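A single chain comes next, written as structure tokens; it is the form predicted alone.
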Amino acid sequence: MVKEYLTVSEVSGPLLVVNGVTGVGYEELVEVELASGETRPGKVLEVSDKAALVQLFGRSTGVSAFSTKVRFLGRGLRLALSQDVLGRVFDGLGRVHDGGPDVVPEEFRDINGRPINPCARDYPSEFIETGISSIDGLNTLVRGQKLPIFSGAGLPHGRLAAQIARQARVPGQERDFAVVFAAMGITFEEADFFIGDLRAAGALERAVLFINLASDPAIERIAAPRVALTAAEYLAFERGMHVLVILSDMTSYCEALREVSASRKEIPGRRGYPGYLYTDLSTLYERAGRITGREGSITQIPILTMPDDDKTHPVPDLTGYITEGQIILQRDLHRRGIYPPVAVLPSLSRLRDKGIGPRKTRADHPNLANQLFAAYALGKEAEELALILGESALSDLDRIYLRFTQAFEGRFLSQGEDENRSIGETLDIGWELLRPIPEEELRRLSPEEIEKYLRGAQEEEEGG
């Protein structure tokens, strides 16, 4: 039931205080009508027995406490949903943004969905191929997982996100795979890049884009990931699709949350962020996963920039507690021209071992990944020693590991922005890089794997 009031008592920026309201709910959608007849949307941020606090989705220019009408619509913000959302571009509130016709809805859903019930969750266990060796080979993404990318200002996380959106697939189930991409607080140029990149690669038809620009209101930025996840839930659990949700940039989202919290004069927590930041982030991240008895799934890759490359900043710190690992981009690798600049040693995918191995990727994958990690760690130690003492002070074995590290970063980590490597190609490169290392050092590999992938491959090359 629509209720209309002419009792605005205070206007402070995008916030309105409406007195004497009854029967109004939290997050309820509001329509504000100015004296000129223009209407602007908003929502209820706070409600008491005497008044309601309303935030506008946009500017407050022209809003007057004496002539403004406020209508409470009796429902929250809803998204129109059907299969036709695929291939479309929307704004942060779910409105059509590509110049095409409105979506003919099969249903409307409130964007404030609920996290998946832990008792209904099915364990993630299937490999998602991104075509990027540093992820597929060492920090594997598993269907239903939440795996964030921690980046820094100026690092190519936007390019990496676009590459993952283009290339990601569940092997053998490409037809049922979709990407939902929510970009928050980006510039017009960045938005144009994402849309153009997916369109040029022919991947837009299986993607849904929600674009929130830096010039858009903060309240819209808070709605954008919820709108995107609502679309993902429909495609996954109603249409049986495997949906990859990319959220970029979660730091922009948290900054908007802090701005709204300050407007409400809430008591700030760490670095000015609201004390409920952890809870708020969990309501987004925990909407990913698989549900027992349902075909579809939602896999999440939140991307966030760390201010001053600080992993202890509240946003990456709290994100790490909720999600199942992290992929960290390193500035030093980027300076040396390595793309993508993934720092594999501090990166981690906690569900990696559940999604690799026989009948998933390849039987040698788990042991090979462990051996590559170990060899790279020893090589980085040798690299540090060479910086202090000089390379002449290294032992013969240290030099072997040092050369392995250089080759590993140049051939395994580094790849083209349009280079889509299969998991087989990634693993084969790993085996090739291990050949110069003495066999007695390869303690994480079985004798059978060494015989098949090292000696066998070498004999084939010599015979050829």
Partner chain sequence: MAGRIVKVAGPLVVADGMEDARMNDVVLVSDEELVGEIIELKGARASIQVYEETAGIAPGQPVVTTGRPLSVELGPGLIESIYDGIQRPLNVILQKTGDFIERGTAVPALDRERKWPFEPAARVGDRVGAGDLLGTVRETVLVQTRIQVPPGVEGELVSISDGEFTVTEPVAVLKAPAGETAVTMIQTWPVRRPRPYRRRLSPNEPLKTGQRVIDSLFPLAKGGTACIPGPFGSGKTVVQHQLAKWADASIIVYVGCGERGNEMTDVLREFPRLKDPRSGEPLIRRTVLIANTSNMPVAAREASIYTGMTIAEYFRDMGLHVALMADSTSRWAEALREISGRQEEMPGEEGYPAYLATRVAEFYERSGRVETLGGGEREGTLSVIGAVSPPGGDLSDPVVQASLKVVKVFWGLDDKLAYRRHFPAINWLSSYSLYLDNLQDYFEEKIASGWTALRTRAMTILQKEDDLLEIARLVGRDSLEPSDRLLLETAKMIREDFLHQNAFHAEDQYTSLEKQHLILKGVVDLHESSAAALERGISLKTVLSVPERRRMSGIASLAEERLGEMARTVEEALRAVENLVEAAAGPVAGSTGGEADG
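For the two forms, the rigid core is made up of the largest set of C-alpha atoms that agree within 1.5 Å on superposition. Numbering follows the first chain given and starts at 1. Predicted, not measured: the structure shown is a model, and the values here were computed from it.
Omitted from view is the form predicted in complex with its partner chain, to which the following refers.
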### Query
So which of 377, 338, 103, 262 gets a non-hydrogen atom within 4.5 Å of its partner chain in the predicted bound form?
377
### Query
If you check 199, 239, 311, 95 against its partner chain in the predicted bound form, which one has a heavy atom within 4.5 Å?
311
### Task
Heavy atoms, 4.5 Å, its partner chain in the predicted bound form: which of 182-190, 220-228, 95-103, 316-324 makes the cut? Say which one.
316-324
### Query
Do heavy atoms from each of 2, 214 and 359 fall within 4.5 Å of its partner chain in the predicted bound form?
no
#### Entry: its partner chain contact at residue 139 in the predicted bound form, heavy atom, 4.5 Å
yes
### Query
At the 4.5 Å heavy atom threshold, is residue 150 in contact with its partner chain in the predicted bound form?
yes
### Task
Mark residue 23 yes when one of its heavy atoms lies within 4.5 Å of a heavy atom of its partner chain in the predicted bound form, and no otherwise.
yes
### Query
Does the 4.5 Å heavy atom contact test between residue 175 and its partner chain in the predicted bound form come out positive?
no
### Message
Going through 102-139, which residues have a heavy atom within 4.5 Å of its partner chain in the predicted bound form? Please give them in sequence order.
### Response
114, 115, 116, 117, 118, 119, 120, 121, 122, 123, 124, 139
### Message
Rigid core superposed, CA of residue 84 - does it shift 2 Å or more between the shown form and the other one?
### Response
no
#### Entry: Shift of residue 239 between the shown form and the other one at or above 2 Å (CA, core fit)
no
#### Entry: Did residue 221 shift 2 Å or more between the shown form and the other one, C-alpha, core superposed
no
